[in-house]
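One chain comes next, on its own, written as structure tokens: the form predicted alone.
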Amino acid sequence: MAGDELGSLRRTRYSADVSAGADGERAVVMGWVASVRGHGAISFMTVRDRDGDVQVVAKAGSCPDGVRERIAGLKVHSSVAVSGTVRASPRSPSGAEVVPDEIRVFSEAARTPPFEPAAVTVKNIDTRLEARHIDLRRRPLQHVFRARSAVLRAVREHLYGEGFTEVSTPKMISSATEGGAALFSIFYYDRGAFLAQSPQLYKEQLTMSFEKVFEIAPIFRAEPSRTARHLSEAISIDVEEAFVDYADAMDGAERVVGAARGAAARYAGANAGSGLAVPEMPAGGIPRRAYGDVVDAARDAGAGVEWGDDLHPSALRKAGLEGFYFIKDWPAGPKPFYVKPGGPGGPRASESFDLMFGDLEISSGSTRISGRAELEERMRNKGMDVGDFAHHLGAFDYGVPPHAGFGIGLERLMMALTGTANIRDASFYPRDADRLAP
């Protein structure tokens, strides 16, 4: 059925503005029908908007019969506008309700969703993702994504305050950013190309012009990992700075996470009942643990790990590591070609770090190699074709400064800051090894 027209009608109040203090005032509210129930000559309708719910009470003698009858016949999830008068009511959850004199139905729901959007939990995440447009109406998810928005704003303001310039780098590239095979191939006109794994090489080059740069943008990883913490398309907060090393980068990452955590905590504090489990920052700063010490602790706890191994979540759990902490001085061998080897961890180590939350990796960073000859040697040792990186290597003929940086996975950060168990619930429309829609 064709819907009513919006015309010149405009909302005058959100649900949060419909209160006892507005008793007797006119209001136009807009949103989606959350519930309809009738009791004889009276119909109750709940309209949900971005802020919450507003109760509409249509009673014979208090509103036009046509309005009351139309409300009684509405389907849940229809989008509507209601014009009427605010009336204080102690029986209403908000302390007030709207007595309607006009209703417009912009679009009436034609189907029943596969789950109830008012539900706090829906066990099958695939069922939710297939109807993500409805899933995103659920309050628990709305709180996560509103907190996410607050976090992004706080991170940007923090980095601007530290003198960083926000940049944008290409997402279609001619060669692998970090080497390896975790790349999505695409056609670029008449030749092959890839989706960018990270803005790494571009942000390094940009330190030559702007010194301090950051980018918040998608990255793409063709890793067929089917876990609750992996995505094929994710948002990365990438930061790079000239004339610093990885110790400075750790300081910077800690400040970014502190700004993000503060925003999440403020959001949770202002939204009672959000259910967000915002963790505390460690007193005295985020601990910095040497890779070798973590290996020893995990091995002493029964994990079968040796120096040079990756530290899987099971090993970190056995080591009893919780909350935020850094693991620094990782082995140089597995690290990307641009990571500076050596440093305080010894000749086999590298000036690198991971920022963890329990057994969840949130960020990685390092001092970068700033000399062309050393960079080319690292590439060859990794079996990479130096010629594929001619444009990047050319920059090193023009005074690349010492520099360092890090990248933070936004979705993983939000998992840590909100207690979200599945990374797909920190992404509006997640992409993984099995999902390319909706």
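Since this is a predicted model, take the numbers as computed values, not measurements. The first residue of the shown sequence is 1; numbering continues from there.
One more form of this protein should be noted, the form predicted together with a small molecule, which is absent from this view; the next part is about it.
Shown alone here, I423 lies within 4.5 Å of the small molecule in the predicted bound form, counting heavy atoms only. When the small molecule is considered in the predicted bound form, D135 lies well away from it, no heavy atom lying within 4.5 Å. For the chain shown alone, A297 is not a contact residue for the small molecule in the predicted bound form, no non-hydrogen atom being within 4.5 angstroms.
Heavy atoms of A234 reach within 4.5 Å of the small molecule in the predicted bound form, making it an interface residue. With the small molecule left out of view, the stretch that reaches within 4.5 Å of it through heavy atoms in the predicted bound form is, among 406-414, 386-394, 53-61, 371-379, 406-414. A single residue from the set R139, K318, H230, K212 has any heavy atom within 4.5 angstroms of the small molecule in the predicted bound form; that residue is H230. Checking V155, A253, A147, I219 for any heavy atom within 4.5 Å of the small molecule in the predicted bound form turns up a single hit: I219.
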